[in-house]
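Only one chain is given next, in structure tokens, and it is the form predicted alone.
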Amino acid sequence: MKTLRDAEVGSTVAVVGLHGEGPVKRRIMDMGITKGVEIRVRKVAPLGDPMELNIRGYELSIRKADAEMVEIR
């Protein structure tokens, strides 16, 4: 399973599914990360946390732990 954390800087990926439980999964969905959406990875901080993404026309920073819950292709 490939996750958002594994995505290369500059790549565009599609969300296949979300993993997680209850409020954590809901928070990820509230940020606009849902099945089928395309995400462009803009930058990753030097230590890998956070990641800066372009999604649905806006910029989003997400932690590594949250990025691991997003399955991509």
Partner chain sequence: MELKIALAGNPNSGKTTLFNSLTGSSQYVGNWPGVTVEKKEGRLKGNKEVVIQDLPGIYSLSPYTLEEVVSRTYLVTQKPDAILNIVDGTNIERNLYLTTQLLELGLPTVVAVNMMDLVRKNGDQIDLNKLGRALGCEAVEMSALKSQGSIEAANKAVEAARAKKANGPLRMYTGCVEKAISQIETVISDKVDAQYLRWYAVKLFERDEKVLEELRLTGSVKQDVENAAVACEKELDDDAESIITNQRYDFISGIVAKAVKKKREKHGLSASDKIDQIVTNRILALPVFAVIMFAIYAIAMGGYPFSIGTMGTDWVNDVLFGEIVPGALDSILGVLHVEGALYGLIQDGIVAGVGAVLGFVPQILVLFFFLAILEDIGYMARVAFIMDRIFRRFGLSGKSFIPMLVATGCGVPGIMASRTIEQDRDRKMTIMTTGFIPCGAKMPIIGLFAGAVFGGSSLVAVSAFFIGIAAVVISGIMLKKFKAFAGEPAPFVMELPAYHLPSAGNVLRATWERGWSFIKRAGTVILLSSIVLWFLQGFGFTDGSFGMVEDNNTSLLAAIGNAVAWIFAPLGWVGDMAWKATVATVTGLIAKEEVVNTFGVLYHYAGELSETGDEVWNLIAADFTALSAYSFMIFNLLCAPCFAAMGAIKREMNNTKWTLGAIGYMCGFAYVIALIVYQLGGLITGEVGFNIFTIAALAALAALIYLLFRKGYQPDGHYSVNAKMSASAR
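For the two forms, the rigid core is made up of the largest set of C-alpha atoms that agree within 1.5 Å on superposition. Positions refer to the first chain, counted from 1. Being a predicted model, the structure only gives us computed values, none of them experimental.
The following text describes the form predicted in complex with the partner chain, which does not appear among the structures shown.
Within this chain, residue 69 lines the site of the partner chain in the model of the complex, having a heavy atom no more than 4.5 Å away.
With contact defined as any non-hydrogen atom lying within 4.5 angstroms of the partner chain in the model of the complex, the contacting residues in 34-73 are 34, 35, 38, 39, 40, 42, 43, 44, 45, 46, 47, 48, 49, 50, 51, 52, 54, 56, 57, 58, 59, 60, 61, 62, 63, 65, 66, 68, 69, given in sequence order.
Residue 36 shows a C-alpha shift below 2 Å between the shown form and the other one [criterion: core-superposed Cα displacement of 2 Å].
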